[in-house]
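Next up: just one chain, as structure tokens, the form predicted alone.
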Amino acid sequence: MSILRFVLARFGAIIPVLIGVTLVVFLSLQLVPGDIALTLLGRFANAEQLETLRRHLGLDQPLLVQYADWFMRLVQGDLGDSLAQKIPVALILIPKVANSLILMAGSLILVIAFGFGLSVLAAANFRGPADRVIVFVSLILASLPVFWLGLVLLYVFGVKWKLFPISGMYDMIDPGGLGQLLHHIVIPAVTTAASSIAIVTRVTRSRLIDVLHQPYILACTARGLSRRRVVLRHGVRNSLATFANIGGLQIGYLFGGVIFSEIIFNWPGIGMQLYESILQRDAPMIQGCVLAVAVVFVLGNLISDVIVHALDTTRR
């Protein structure tokens, strides 16, 4: 199957998934206790005011009618208006999603660089000191809560040693510039990427160890090829599909994981927006944020599948 046909087939497969996501997002908010109208008007509102607002928001309609109306507006690009800010959700989400994608990209670069490098180093020195240290460190990184790690890094590198800023994307005085962005993104990106680095390292290491014990690898070694050439040219090449698969899955995980990092470091992204919307019971904004995370997760899986398909030598 060609790459184009594979991509089109995968696009067709993700459409039902996205529809299911919209259904889950809509119903989950309906199950949250409390009254949106009462939250907006306050506890001193009378019954007539509450009923008028419910009719205006369509809350008096059956759930199926509410979902159908919301879904039809959604496919037209209308996510509704924010109940707290009184402006379209899309206008708020676009810059927030862009900021979160920047943080996710920085985290993904760390995951690819360190996850791949550490896995190759560990597998090439299987059961050696380097392998044992890497496995031990990856186990610790996988066990650390994101919010705890973020607070520790913030205190050590931002407050105590003052090496990196502790808040925002840019300096409050004279903001802007790529240099400022790179300076501000270091600690949040490390916080977000830590557990993913551990996952990618352990999975890719296991796959590479299996590859390096295959008969054709032993045959290459018997022919006198150097260990470096055997690992990099033959072992790594046949482990790339596994690395691409687990690495692609981290795209959605990182985009969802930035929620904690954004709250800790006051990063103006979708995570911070979702946190504020939950506190304000801003249902349209919550739906928009969750849908954005779901779409990025699905697209990340699609990218991963396409890369794995391209690396699959058995189809040629």
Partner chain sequence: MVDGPVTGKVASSRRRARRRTNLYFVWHGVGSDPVARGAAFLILVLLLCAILAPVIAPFDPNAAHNALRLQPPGTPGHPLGVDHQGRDILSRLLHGSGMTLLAGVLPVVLGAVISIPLGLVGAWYPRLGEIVMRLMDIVFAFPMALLAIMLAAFMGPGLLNMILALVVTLVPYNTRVVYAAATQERQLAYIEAARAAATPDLKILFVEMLPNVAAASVVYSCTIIGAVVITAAGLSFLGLGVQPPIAEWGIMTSEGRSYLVNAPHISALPGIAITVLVLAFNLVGDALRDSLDPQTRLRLVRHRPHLFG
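Since the model is a prediction, treat every value here as computed from it, not as a measurement. Positions refer to the first chain, counted from 1.
Omitted here: the form predicted in complex with the partner chain. The next part is about that form.
Listed residues A244, L154, I112, L101 were compared with the partner chain in the model of the complex; L154 is the one with a heavy atom within 4.5 Å. Only one of the listed residues (L139, V133, I94, A105) places a non-hydrogen atom within 4.5 angstroms of the partner chain in the model of the complex, and that residue is L139. Within 4.5 Å of some heavy atom of the partner chain in the model of the complex lies at least one heavy atom of S28. In the model of the complex, no heavy atom of G248 sits within 4.5 Å of the partner chain. At a distance threshold of 4.5 angstroms between non-hydrogen atoms, Q76 is out of contact with the partner chain in the model of the complex. By the criterion of a heavy atom within 4.5 Å, W148 is counted among the residues contacting the partner chain in the model of the complex.
Along 229-261, residues G252, F255, G256, I259, F260 each place a heavy atom within 4.5 Å of the partner chain in the model of the complex.
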